[in-house]
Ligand code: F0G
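Shown here is one chain on its own, the form predicted on its own, set out as structure tokens.
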């Protein structure tokens, strides 16, 4: 990978693109931000985007497209059936992943739904390195149970372990020996989302695949965040350092039975799909795609997005493009560490993750510390992050809270979107908030949905801490928004 050195000794990420289209952002005064967070019931999903300065909620569907992607969208074949746009995407997917079949879907959770509908039955258990909220909900909806088999080191917020997304293969072997008849598939998530975007190593994935084949259980890879995992395999894994990104991708894909992904992440566009080899699963999955997503040559996607995904997947094989997200994240993590702000280390993919359990240790988990920190950061800087903690969990069958393994606030880094000054602004506001962390208080539900409550649930502060935080900001930064 090309390294750029500054004459003054600094080491900062260098954008490898130029900006040609811009979108105006609004930075509201702190008094208005306070009003907005109250109107949104302290749930940042419920904010109006016009009231957000830096939207670091997610990298899903908000990555900047390249000029080549925009140009490709103009040649879209807008046909319901048999679109040439689909066949161009199918050919790209086949070349990159080496699998015969590609079934399009509107996004990643569409893939998760049809896979769960086909394969998961009442009483089944699905082992994985770590679950994401939507896949867990679909498996539970079908009567199954998710069994996380992450190595314990993966849940250590501060670590120098380069592959904290590894699956515990000893535990997997034991589980399949004892309950293999209840396991419809094993799922591995690339760039494990809810523990800080942490990758798996190639050796661990290869061992996982060998165990699955020994027990004749399909191995499914959620490749939505594979772009970041691919980068880390290239720069951290000795087995992969001399391989191209395309060679690493094929080596990983050759170990899988099924790969699915959200192109809102992998591909810089909006859509998704399932890649699989010739098997008895192909035709049943095709039927479910037609039933749930749309016809087999569009799958609920715009054909313009299909053209953009084909180009975006090819661009993912370019290290100068793939490296920019992780490099910006590593910069933000390192700068916050210098300021003693608690963050997840080593820096992973997807975004910079604040460790709310150490940031606001005075807030108990039943008062949703990561969600409280998210609301506080919006007040402090107009920055929208995403809570990954107990607020994102669901209650058990008896109505009791399930406490999250980690309480994180994710500050996502959409690819090719933010400038260095905007990242420095976010670092500054997080630092100010950390200096005033004792002002942050807890939250409680005022409306709690039964499913995926973090998306639409409504919260309320347990005191007037939000007003006090806004007042302190106005005193400390009287001439600043």
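These figures come from a predicted structure and were not determined experimentally. Residue numbers count along the first chain shown, from 1.
The form predicted together with the ligand exists for this protein as well; it is not shown, and the discussion that follows is about that form.
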Site test, 134, 225 and 265 vs the ligand in the predicted complex, non-hydrogen atom cutoff 4.5 Å: yes
Checked 58, 422, 70, 431 for heavy atoms within 4.5 Å of the ligand in the predicted complex; positive is 58
Just one of 108, 349, 369, 312 has a heavy atom within 4.5 angstroms of the ligand in the predicted complex, so which one? 108
With heavy atoms only and a cut-off of 4.5 Å, decide whether residue 384 touches the ligand in the predicted complex. no
Give a yes/no on whether residue 112 approaches the ligand to within 4.5 Å in the predicted complex, heavy atoms considered. yes
Given that the partner is absent here, does residue 407 sit within 4.5 Å of the ligand in the predicted complex, heavy atoms only? no
Could you confirm whether residue 305 comes within 4.5 Å of the ligand in the predicted complex, counting heavy atoms only? no
With the ligand left out here, work out from 283-291, 100-108, 237-245, 72-80 which stretch has heavy atoms within 4.5 Å of it in the predicted complex. 100-108
Taking the ligand as it sits in the predicted complex, which residues of 185-222 have a non-hydrogen atom within 4.5 Å of it? Please list them. 187, 189, 193, 222
